[in-house]
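In the form predicted on its own, a lone chain appears below as structure tokens.
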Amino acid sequence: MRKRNAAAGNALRIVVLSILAIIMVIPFLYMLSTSFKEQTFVFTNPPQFIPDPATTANYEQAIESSDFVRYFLNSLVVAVIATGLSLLVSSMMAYAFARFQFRFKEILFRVLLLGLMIPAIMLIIPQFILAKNLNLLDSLLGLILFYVAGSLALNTFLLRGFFESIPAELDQAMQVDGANAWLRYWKLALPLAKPGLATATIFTFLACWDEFTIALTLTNSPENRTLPIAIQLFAGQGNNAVQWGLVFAASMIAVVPVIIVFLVFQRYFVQGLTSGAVKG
């Protein structure tokens, strides 16, 4: 009887999760479908989930439009460099919080976490003034530095838990063999914290790749704009009639790097969410 109830519970759980998954996937599939439609078939009633006739004109127009490739490369450069720098700095900070004893350690860690409680939109004006004073306005370097600063708190929180889960005896053994703090961090802690690093990589890359508000505020010239700005410009080209096929085609192109990053690191993603975040 107990096994039958457990089986029924599992079946109900699978059905509910399947329904929720379908509800979440439908908007993405509709966006994919619309990206292959001509403008006149976008708002047909009933809606067409399979484009008829299908066309790749929206993708061709998006790629051939001026500066789209530049915007894509700008986003790629900013997201990759910001993610790499953020992981390097936050992992060193997390290792210090996990392995070393120093005055006000817990107070400093909690002050760092306060950054997670402040809505990003409230920091726009201070960030603009700071960027202006540091001559970082309208530059990719400015975007990279602000994206790194914005991701440090969450990444440090995630990675500290992983480093604390590594047995201290391993650190002590390497220390006896003459390894300094950098070698213990680089050759011991980082390889054992792959799930945490993968999780932080996905979160940071996604946040940098999709970020719109800071990019719109801090950049002005077409040479330094990023992909979310380009998609917003596509939406505004139709004046009263937005070319949704073109907008969705550009959005589908923008999704590709995110999917690639997730597929590369998804092996460790679930493990990272269920262990390091809880321990942190």
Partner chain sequence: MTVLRSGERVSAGVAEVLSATPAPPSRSRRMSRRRAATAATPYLFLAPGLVLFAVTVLYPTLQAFQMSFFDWKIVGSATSEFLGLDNYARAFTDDHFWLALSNSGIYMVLTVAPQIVIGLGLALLIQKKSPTQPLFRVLFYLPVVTSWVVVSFLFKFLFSDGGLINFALGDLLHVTNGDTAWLADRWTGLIAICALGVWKGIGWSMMIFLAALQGVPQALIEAANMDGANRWQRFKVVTVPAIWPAILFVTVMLVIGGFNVFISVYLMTGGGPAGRTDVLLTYMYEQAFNNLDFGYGSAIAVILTIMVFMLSVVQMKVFRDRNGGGAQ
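Numbering follows the first chain given and starts at 1. Rigid core here is just the name for the largest C-alpha set that superposes within 1.5 Å across the two forms. Note that the coordinates shown come from a computational prediction; the quantities given were computed from them, not determined experimentally.
Separately, the form predicted together with its partner chain exists; it is not shown, and the next lines address it.
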Quick one: in the predicted complex, does every one of Y185, P228 and S251 get a heavy atom within 4.5 Å of its partner chain? yes
To verify the annotation, which of these, I129, L170, L73, L141, has a non-hydrogen atom within 4.5 Å of its partner chain in the predicted complex? I129
Are any of the heavy atoms in I26 no more than 4.5 Å from a heavy atom of its partner chain in the predicted complex? yes
Contact of L216 with its partner chain in the predicted complex (heavy atom, 4.5 Å): yes
Contact of A57 with its partner chain in the predicted complex (heavy atom, 4.5 Å): no
How about F265: is it within 4.5 Å of its partner chain in the predicted complex, going by heavy atoms? no
Stretch 17-50: residues contacting its partner chain in the predicted complex, 4.5 Å heavy atom cut-off: L17, S18, L20, A21, I23, M24, V25, I26, P27, F28, Y30, M31, T34, V42, F43, N45, P46, P47, F49
When the two forms are laid on each other by their rigid core, does F43 show a Cα shift of 2 Å or more between the shown form and the other one? yes
